Every structure is written in C-alpha cells, then in structure tokens.
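Read the single chain below, which is given as structure tokens and is the form predicted on its own.
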Amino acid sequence: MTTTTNGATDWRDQIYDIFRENGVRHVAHVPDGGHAKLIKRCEADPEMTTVTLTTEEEGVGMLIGSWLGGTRGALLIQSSGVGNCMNALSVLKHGKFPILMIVSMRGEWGEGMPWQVPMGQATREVLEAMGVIVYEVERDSDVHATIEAATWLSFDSSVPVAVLLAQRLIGTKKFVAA
C-alpha cells in the first residue's frame, strides 16, 4: 500500500481494499496503464484469480459465469473497450446479473490522442443505453466512497454498475508524433 503526499491511501490501493472487503475474488482485465497498479495488486493476491483478456467482451461472459459459480468479480477496462462490450452487456439487465466495471477514461480531460475522443465522449451514454448504472469519479478523495457504493449496489441488488475513473484522476497521456 502506498500513500499520497498528503498521507492519504493511494486510490488504486483503496479499490483493491474494497475488492478484498467485499469478496471480489475474480478480476478480468485488459492491459491498461490506468489500471496497472491495481492489476498488479490483484495478481499478487493468492486468493484472487486474475485473467488477462484478449478483448473486453470476454470479461462480461467470464464474470457472469463467475457469479453463477458463486464468486464475485470485477472487470477492469478502458473506455475504448466499452464499445467492444455492447452486445455482451445487453444480457446483464435481462439476466439480472451483477457486474462491477471499473473503466479508466480516455478521450476527455487533456486527451492528446484524437482517436480516443469519440468513444470517450460516448462511454456514459453507451453504458446507460445497455442498462448499466454509471458513477463517475474525478478526484481521489471520492474514489473510496464511490467504488464502495458501486460494489454494494451491484452485488446486493444484482445490477450492472460501471465506475468511470476520469482522466483528470488517472492523468492524461500526450501523443508525440514520431
């Protein structure tokens, strides 16, 4: 666990702790810089199963299966990957399957890669169109309460919930032409 300059627990460690406290033991993800530290913490935990996906929609089916088998899971993806999940997400509401998605945002605050902008701007609307409840976090001081509330809502009410981690929180990436 690391702390920030003001002594607070790093927000990625807060998410890991919430996973542990709420029985999230299966983490599916695609490689992503915004989630890198959280993924490493989950991979190092012998009580968690982490799976690196080849595409984001695999994670939706995997976590439905995990839930049916009695294990809570979370999907860690980037906003660009939300577009790859649309058909898979359409079954969540009908099946009343809980799924907790933590989405690192691109295509917003200070984005330097223009191809990230369209999906980044549409992420919330696309998720809501599929019946996913969406929360958004822009400050590290809001991470704990938001992720915890999303976790409880998803698993206690059997609904899909996504938390969008804003680019203002995770940091921007600058595109440098070669």
Partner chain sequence: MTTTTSAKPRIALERRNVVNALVANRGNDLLAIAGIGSPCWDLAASGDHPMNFYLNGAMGSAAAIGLGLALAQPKKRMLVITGDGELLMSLGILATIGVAAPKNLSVVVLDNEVYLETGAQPTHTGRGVDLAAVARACAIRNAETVYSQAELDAALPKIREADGPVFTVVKILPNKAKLVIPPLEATYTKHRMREALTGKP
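Residue numbers count along the first chain shown, from 1. Every value quoted in this text rests on a predicted model; they were computed, and no experiment measured them.
Unshown form predicted in complex with its partner chain; subsequent notes refer to it.
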Site check 82, 121 and 129: each within 4.5 Å of its partner chain in the predicted bound form by heavy atom: no
Partner-contacting position among 62, 39, 133, 153 - heavy atom within 4.5 Å of its partner chain in the predicted bound form: 62
Contact test in the predicted bound form: residue 140 vs its partner chain, heavy atoms, 4.5 Å: no
Contact flag, residue 53 vs its partner chain in the predicted bound form, heavy atom cut 4.5 Å: yes
Any non-hydrogen atom of residue 113 within 4.5 angstroms of its partner chain in the predicted bound form: no
In the predicted bound form, residue 149 touching its partner chain (heavy atom, 4.5 Å): no
Contact segment among 31 to 39, 44 to 52, 141 to 149, 105 to 113, judged by heavy atoms lying within 4.5 Å of its partner chain in the predicted bound form: 44 to 52
Partner contacts for 68 to 82, taking its partner chain in the predicted bound form and a 4.5 Å heavy atom cut-off: 68, 69, 70, 71
